[in-house]
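Just the one chain here, laid out as structure tokens, in the form predicted on its own.
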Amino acid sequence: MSADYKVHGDVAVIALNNPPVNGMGLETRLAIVAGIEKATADAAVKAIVITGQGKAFSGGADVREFGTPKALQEPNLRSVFAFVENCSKPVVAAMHSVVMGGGLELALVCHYRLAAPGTSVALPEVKLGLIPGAGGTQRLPRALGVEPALNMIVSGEPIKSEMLAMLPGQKLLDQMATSPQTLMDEALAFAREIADVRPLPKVRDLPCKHPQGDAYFQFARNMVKGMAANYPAPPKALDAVEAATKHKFDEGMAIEREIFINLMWTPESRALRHLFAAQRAASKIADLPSDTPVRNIQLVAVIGAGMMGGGIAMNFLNAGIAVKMLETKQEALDRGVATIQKNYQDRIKKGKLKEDAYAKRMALLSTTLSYDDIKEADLVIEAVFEELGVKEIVFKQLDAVMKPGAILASNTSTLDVNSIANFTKRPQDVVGMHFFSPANVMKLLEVVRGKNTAKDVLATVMDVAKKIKKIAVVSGVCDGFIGNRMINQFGRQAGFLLDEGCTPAQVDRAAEKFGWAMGPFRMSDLAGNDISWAIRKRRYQEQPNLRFSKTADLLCEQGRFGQKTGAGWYDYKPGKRDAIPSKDVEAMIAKHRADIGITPRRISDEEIVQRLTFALVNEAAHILEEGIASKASDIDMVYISGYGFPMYRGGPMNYANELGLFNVVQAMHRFAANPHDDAEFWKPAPLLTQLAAEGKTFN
């Protein structure tokens, strides 16, 4: 059973026990019903308390059951909640830690509710492309008030119990416990106080109206429409809450259920649920047992105080981990520290950081010009220029000074981690930690596992990633790993599109209309065109037969390196990031086109998007075949959290699955017939061909 049952005198306690968040899967639902039946049949029991073991009251429904027979198997959530609500004895919810989704809906069907201070309360279903489906949209407005309930449901964001208790007229919380430690004692005492009160109060019986009625909901609809353009769930959540104010309770429940079921089968909800599962799956590595020991990381050294090094340092400072930053010159150190200070000051000005927290973080930062001063660090991360000779110098020095057991990590974005490891006498301690720029903001961390990387090193880095709030995805060693190897093909296609008739602005508009946070040319201007130029020069030598458009090289030869120089694919005004289409760049592209004998043609947005996206998908299929990525969902996480692929499409692999791999392969055959493209690249990867032929997906 997934709940513990115990009687304390005249009060029965049902404690959900389904780690880690007491999700209400079938076994837990059965246990709740069994507990209520047992308590009801026991004449000595006068009241019932429902709570959760461990670190949560309940995180809600078990997402793994969505779309499966188990989710519908009786008793389903709605049946369980009706059973609790109609219990003949008073039921008290003792809420603590996490009360989310179905967990909050469970609390709402209890007759009374207590909460410990610091409890996070939420209905986060919109983040999965859904609405609450077991009464949340009908009961929460009655218990909390229409406006605060709608804000919670539409945003999906958690609110602390103390804040909810302060809302005027709220009937969600009957009592706040003094502390988490005293919650159960206070819940038992409260249950005894109300044991004989009749009739039993039910949230469903509370009135639900808004004084402005239609006018308020029209205003709210306009606001939601603006913030949820590509997500159908938020406006549908509003419809469900409005139904609570205009219909009897049971009618409102029917409307909520119909909306929930319809949303369940939308591609947006499927994509968001896929990502929810993918993020959790990314931390599971087939040959790395969950009990693998991890090394103790108390001091981190960062080599390089530039934009990347400073951003990396901030991640650890934010997590309360001491950092020592090393540079070759004092001026470089001073600039790096000043940039970190400015970043924190900007957050203070925006109200996102308090002065005392800023002071604590800066107190954890120290600097040095000597490798001898970092020898006691537990983890050292190199963030120097992306050139193998430079990395060799750094890692040989690290090998000479670092203590035994220290982890030596490279922030390389493309280079061979095995070669870097071989610069040392301890390759088992070397790993890639590829942060994305700006490193203090971007969520993705590619963890590059070398052929000799020790399992405890890998486990430690994955553990550290959680502490610094990164989404870590493990990659094998190849040129560019997962993300940059794929983006290379994405960039090649963008260049061919220019050769054939597009402008940078047209390509970017099509990509951004599809949902990318930024098109390929704006993305390149932000990252720095000189960075990709340096990588291309290396690849020209290593792969002399590989075709590239020369437009990007011509751009860099003019010194147009992007935002940092005020000119790239676009023009930029001083101090501004607005991308202004450049007549000079368009003229350069037109001249190059004429020089290579291409007559420009009109290219549709659909072709632009397909060529960019399917280039990612085909390269990703090769990456899976080679074992560089262990699963397709890892690739989706890389592109969602590191490259701005639209979340509501679920990543490039999920998007290809939704389209159908047969259709993807047929489109690739068409692109292969284009004389100005790379026919060899558009030959579908064997894995892609096989899956398409078998009618399967990457999942």
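Owing to the predicted nature of the structure, the values given are computational and were not obtained by experimental measurement. Each residue number is its position in the shown sequence, starting from 1.
Only in words, not in the display: the form predicted in complex with a small molecule, which the text now covers.
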property	result
Interface membership of Tyr112, the small molecule in the predicted complex, 4.5 Å heavy atom rule	no
Contact flag, Asp429 vs the small molecule in the predicted complex, heavy atom cut 4.5 Å	no
Any non-hydrogen atom of Gly306 within 4.5 angstroms of the small molecule in the predicted complex	yes
is_contact(Ser437, the small molecule) in the predicted complex, heavy atom dist at most 4.5 Å	yes
Contact residue in the predicted complex, from Asp525, Glu327, Asp508, Glu242 (heavy atom within 4.5 Å of the small molecule)	Glu327
Proximity to the small molecule in the predicted complex, single hit among Ser413, Ser161, Gln489, Ser475 (heavy atom within 4.5 Å)	Ser413
Options 385 to 393, 175 to 183, 129 to 137, 551 to 559; stretch whose heavy atom lies within 4.5 Å of the small molecule in the predicted complex	385 to 393
